[in-house]
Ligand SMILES: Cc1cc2nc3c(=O)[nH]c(=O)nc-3n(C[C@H](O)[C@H](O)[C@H](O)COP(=O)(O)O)c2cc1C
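Before any questions on binding or motion, here is one chain by itself as structure tokens, the form predicted on its own.
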């Protein structure tokens, strides 16, 4: 079942970033078609991790938000999906979908057999998809992958075809190998080749920092849609800007940077537990400070802050010294 049609914009699942507060901020600018949660440990969720009510919170758009599970065990992911499905049904909350994390290359995830390690066993991955689709035929089921451990279009293509034949609804590809970091440009030509190999929608992810990047990726590599990650924290209005520029190439958006930063602090305190305040605020401002003329000093000070009040004070003090940075126009 194809649930994504081109062009579509999706917010990537990101640790300490893809939480409700960021989704609320993005939605305030106009939003995107599909959101994701931070990745959730299936085993932790089954054991009642006390923070999972926030990790699995899909507001403000539950019908358009996927919960991403990671684990090394297929049975844990299946049981976690059952629990999530039943909880949402009991509370009358739409379940926008489940995403399978087959791409995380963080050492502790990969070493445990989760994330990208699934790409070593195509049959196991396809079997998980098939079991989930049999249990929940109406569930929107997606997966996010990388290119794997080595360059091989044949291996990559076979892995993706296996997921498609098992019933996956759409696939997201981050076109970097397991060991490659963000300093290296993604190998987007693999996105183009995979889009020719599979019939389900294929979403490209990585290196999209502007409307021009989006347009180039869509035109040159022909994905069904684009997923945006860290740039969504840097520019929460980017989805709206892209949508608007698709209709009017001359469109510009005027953003009050100072107010947007304060709004994010408010949303973090409104939407997340106190234990998350500092980590999520620091993570957000690490990227958001790039909108400022002199970002380095402020970013460093925020990363070393001891409280939310201190972050707010630092933020407001910056604009007292540099009022010209309060607002910017993006195009």
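Positions refer to the first chain, counted from 1. In this text the structure is predicted, and so the values were computed from the model without any measurement.
We do not show the form predicted in complex with this ligand, though everything after this point is about it.
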{"item": "Partner proximity in the predicted bound form: residue 281 to this ligand, non-hydrogen atom cutoff 4.5 Å", "value": "no"}
{"item": "is_contact(residue 287, this ligand) in the predicted bound form, heavy atom dist at most 4.5 Å", "value": "yes"}
{"item": "Non-hydrogen atom contact residue 17 with this ligand in the predicted bound form at 4.5 angstroms", "value": "yes"}
{"item": "Any non-hydrogen atom of residue 207 within 4.5 angstroms of this ligand in the predicted bound form", "value": "yes"}
{"item": "Answer option from 228, 81, 141, 95, heavy atom within 4.5 Å of this ligand in the predicted bound form", "value": "228"}
{"item": "Partner-contacting position among 66, 39, 302, 264 - heavy atom within 4.5 Å of this ligand in the predicted bound form", "value": "39"}
{"item": "Contact test, all of 13, 101 and 182, partner this ligand in the predicted bound form, heavy atom 4.5 Å", "value": "yes"}
{"item": "One stretch from 198-206, 241-249, 72-80, 132-140 that, in the predicted bound form, holds residues within 4.5 Å of this ligand by heavy atom", "value": "198-206"}
